Structure formats: C-alpha cells, structure tokens
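Have a look below at one chain only, the form predicted alone, in structure tokens format.
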Amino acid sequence: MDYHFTEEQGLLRDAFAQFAKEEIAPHAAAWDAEDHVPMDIVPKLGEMGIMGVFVPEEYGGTGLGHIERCIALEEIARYSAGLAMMVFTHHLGVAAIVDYGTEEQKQKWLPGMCDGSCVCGLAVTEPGGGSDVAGLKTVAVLEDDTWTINGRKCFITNSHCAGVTVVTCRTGEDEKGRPLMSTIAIEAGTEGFKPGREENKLGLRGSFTGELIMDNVKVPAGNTVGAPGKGMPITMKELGEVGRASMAAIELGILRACLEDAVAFAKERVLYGKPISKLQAIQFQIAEIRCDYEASRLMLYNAAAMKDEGKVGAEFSMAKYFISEAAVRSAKRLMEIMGGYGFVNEYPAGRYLRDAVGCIPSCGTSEIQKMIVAGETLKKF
C-alpha cells in the first residue's frame, strides 16, 4: 500500500517534527542518562494538541484521528521513546474515558487531560503477569454506591505522575464462575491510593514506571468507566487498538532515528580515504534499515487509517509485532555500522537498542501478537 498523508496531516507532521527537534532533541540524552521525567514539557504538549489529539473539541481536544496521534508519537519517539511512553499511556486512559465514560466524567476530566494539566494512566498489569487479564487479583467491592478497592499493580507507566488512573479490577463472577472485571477511575490523592516502587529501567527512561498500591481505596460508583462487569472488553479494546498502535508508532520513531543516524554517520565517517557510505557492506546495512522502516510505516499508518474508519482487525497486532522486531534489528545494524562509536554513550545508538527492546513486552509480547494474527488468519483465509 502506497500510504500518503493528506496536506493537513503533512503540515501537522511538520509542526510536530519542529516541536520535537526544538523541545525534545536537545534534552533527550540527559533525560535518559538521569532517568529524568520532564513534567514541565507536558503543558507544552497540551498546547500543541498532542495530549488530546483524538479527543472531541467540545471536551478541549483537537478532534483529529488516530493517524494524527501516531504521527505525534513517531515524532516524539524519534528523539525520546521514554517521553513517548508517557504520552501513549496517557492516551490509553483518555481513550477509555472518551469511548466509555459518562458525560459527567468527560466534562470533569477530559479538558485538563487535553491541556496537559492532568496526566492520565491505565493500570492493568499485576505481579502475576500482564497478558493474563482474567487472572487479575485487584478486587473492587461495591457497597452503598461506593467501591472499596484493594490490590497492587506493577510496571505501570505514569505510576508516579498521573492525576487520574483507570484501573482494571475484579468485581465478581458470572453465572459460570468466570471473573467479571470493571474499569474504575481513581484520582491521585485518594486515601489509600499511592505509588509504590519506581522501577530503574534498562530503557524507556524519562518516564515513570512503577507500582500502584490500593489499600481500602474508596471511590464513588460514579467513577466506573463503562458498565460494571464490562471491564474486560473495555481493557482489551483499548490495549489492542490504542495501545498496540501507540507502541508501533514509538518503535517506528526509534526505527527512523536508526535510519537517519546510519545515513549521517556513514557519510561522515572516513575509512581508507573515503566515506564508509561507499562500502558495499555498509550500503547493504542501510538498505536493510530503510526497507524495515518503509514497510513498518506502511503497516502502521494503514492500520491507523482503518481504525479511523472503524474497521481494524488484527492489523495493529501485525504492525506491533513487525515494527518491534524491526526496530531491534535496525538498532543493532546501526551499532554495527558505527563500530566502536556505537558502543559509547556519547552516541544514541545504544539508547535506541535499549528502548527498542523495552517496547516489545508493552501491550503484548511478540508471541501474543503472533497468536492474535494467527487466530484471525485461520478464520479469515
């Protein structure tokens, strides 16, 4: 598929790219080295329309689509995959409220989430595993129109900065004994709700990842996002579409960074009296990275276009799987092109590899994506 952006999307991409080059690129290495979360940039992301890019205008958003959202994430991740992770997880929680929230919830929370004054989050993963949503142990009990929530989440992005977190909880069983889940929004500062351990990550630094602890947390029933007991399909939809699209876009940004840095280094590095870009072995490596990038770009934006048209299937799983693996391959190729320079932290090649590897488990490992793709393929063909 020869995917092309509209003129408006092209202009938006230029604006996001300029913003990223000016506001993110100069600081990305320091954010990674110091694992600094740049909360001061969040209001600027709000001003750019990125925090609420797909939120309807009546709630303070820009009312655009998921193509534009993926464009924004790719441009941010070109320089800082860690910051892109914060924005993507914010979008996950926002999407749940946009898609399933009540009018009161939308009016209350979305404007601040769009202007950057409130970061959002979505908390699913627990110590027992991330992919086994049905096995979650966090429990919410409804009594007198109030939820009482107990449990612990781990590996949660935005754990230490979210103003509102949409939490997936076990809230009962159906007639066959299968667990029922509900998604419940908890505001920061609620008694008994607090962040726990903050993880010291190999990659994707510059974003908070950690535990969330719920000890007899009490929130009104009005904080339920979607119908009680319907949290499983809500969670799976947002992770499967918004989440996997986001991860694919972040990996695409890393992949593009590898491509651009490989070309620049090959042209500048002189060996045996000529730039190494003249060497066929180097050209082959660059060709491999370019092919991975172009194929990845088409897969992602085709899936995003299908999402905006309301007809996406396993396309995001295909994109997430392919681009995740392609970004790791390309980061390794960049390091090979750069030789010893690729191994020192003065250059970002090592960061690209760490970030690319770190993206693979998020929103489902490569094995999970292949299971989803195979399941749909066996039904469709």
Partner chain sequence: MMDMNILVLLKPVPDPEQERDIQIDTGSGRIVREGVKHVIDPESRNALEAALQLAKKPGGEPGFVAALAMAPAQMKDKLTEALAMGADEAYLLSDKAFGGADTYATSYTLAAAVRKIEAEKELQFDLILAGTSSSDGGTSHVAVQTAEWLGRTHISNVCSIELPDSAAGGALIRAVKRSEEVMLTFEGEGPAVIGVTRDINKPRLVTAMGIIKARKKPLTVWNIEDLVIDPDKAGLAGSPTKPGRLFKPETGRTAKEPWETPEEAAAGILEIIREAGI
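Positions refer to the first chain, counted from 1. Being a predicted model, the structure only gives us computed values, none of them experimental.
If you look for the form predicted together with the partner chain, you will not find it shown, but the lines that follow are about it.
Undergrad: When the partner chain is placed as it is in the predicted bound form, which of 328 to 336, 27 to 35, 310 to 318, 59 to 67 ends up with heavy atoms within 4.5 Å of it?
TA: Looking at the partner contacts, the answer comes out as 59 to 67.
Undergrad: Decide if the three candidate residues Phe54, Pro111 and Glu376 all line the partner chain in the predicted bound form, where lining means a heavy atom within 4.5 Å.
TA: Result no, not one residue of the spot touches the partner chain.
Undergrad: Any of the heavy atoms of Ile360 lying within 4.5 Å of the partner chain in the predicted bound form?
TA: Contact with the partner chain, no.
Undergrad: Do Glu268 and the partner chain come within 4.5 Å of each other in the predicted bound form, heavy atoms counted?
TA: The answer is yes: Glu268 has a heavy atom within 4.5 Å of the partner chain.
Undergrad: Test of understanding: in the predicted bound form, would Gly49 fall inside 4.5 Å of the partner chain by heavy atoms?
TA: Result yes; Gly49 sits at the interface with the partner chain in the predicted bound form.
Undergrad: Looking at the partner-bound form in the predicted bound form, is Ala15 within 4.5 Å of the partner chain by any heavy atom?
TA: Contact check for Ala15: yes, within 4.5 Å of the partner chain in the predicted bound form.
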